[in-house]
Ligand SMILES: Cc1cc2nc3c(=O)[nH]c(=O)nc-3n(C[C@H](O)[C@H](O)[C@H](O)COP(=O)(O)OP(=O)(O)OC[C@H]3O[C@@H](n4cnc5c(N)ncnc54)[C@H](O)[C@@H]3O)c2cc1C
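Just the one chain here, laid out as structure tokens, in the form predicted on its own.
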């Protein structure tokens, strides 16, 4: 009987990582491991034969800040981002705190969460974050919304390596997480971000992520430029615009669709008279 074993490969830098991946094309990148382990629902999880551990690559664990951006390596743990405190935009901080419990957040990485369509995709998209994708031939940058919307974003032997988050000042933030009434599963995360200047709503960004990422840029312009506090009739109409948008998509299911629209209306009511 063949002996079953797992080989853990620990490259110290990107050059060695891609050389190793070329030698072992079946190797599976391993960050925090929470998705790989928890998604199996097994007491003893089954691991790949060749595991490509990313833990020794310093660049993936680095956090830097400039006047305009916060840059986070893909291997930074969720708890490590939360621990940064006020520098982290409220939408992202609230979302990360709502993910599982502290033990999971101490293991789970931000890159792993984003690559498995986790909750962090919602605030990253609303905040106009960009992701660095690195492969054997070099690196490229992609917007969060494009990364979340395409199933084939990552090329062969390509990794999400860095997240760049603009440090814009948002005057109003709403975070909501709810279960799907259609299936009993988690329905997703809703993020609402608002900027205002001299009691004028100058920018509105609303993103929902669940089984898919939803953002209706056309409806956002309806409220932009309006005076604060908002008229309740405008808020009701805005909800109708989202109802039309979701109906046109044909997803999610009717109960979750209603929950999303009601969540948006309730969130924006905080800006009403």
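Numbering follows the first chain given and starts at 1. Every value quoted in this text rests on a predicted model; they were computed, and no experiment measured them.
From this point on, the text means the form predicted in complex with the ligand, which you will not see here.
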>> Using a 4.5 angstroms cut-off on non-hydrogen atoms, would residue 177 count as touching the ligand in the predicted complex?
In response: yes
>> Against the ligand in the predicted complex, would residue 118 count as a contact residue? Criterion: heavy atoms within 4.5 Å.
In response: yes
>> Is residue 136 part of the interface with the ligand in the predicted complex - any heavy atom within 4.5 Å?
In response: no
>> Just checking whether residue 113 would be counted as a contact of the ligand in the predicted complex - the rule being heavy atoms within 4.5 angstroms.
In response: yes
>> Suppose contact means a heavy atom within 4.5 Å; in the predicted complex, does that hold for all of 28, 54 and 159 with the ligand?
In response: yes
> When the ligand is placed as it is in the predicted complex, which of 103 to 111, 85 to 93, 164 to 172, 192 to 200 ends up with heavy atoms within 4.5 Å of it?
Replying inline: 103 to 111
>> Just to make sure I understand: among 74 to 102, which residues lie within 4.5 Å of the ligand in the predicted complex, judging by heavy atoms?
In response: 74, 98, 99, 100
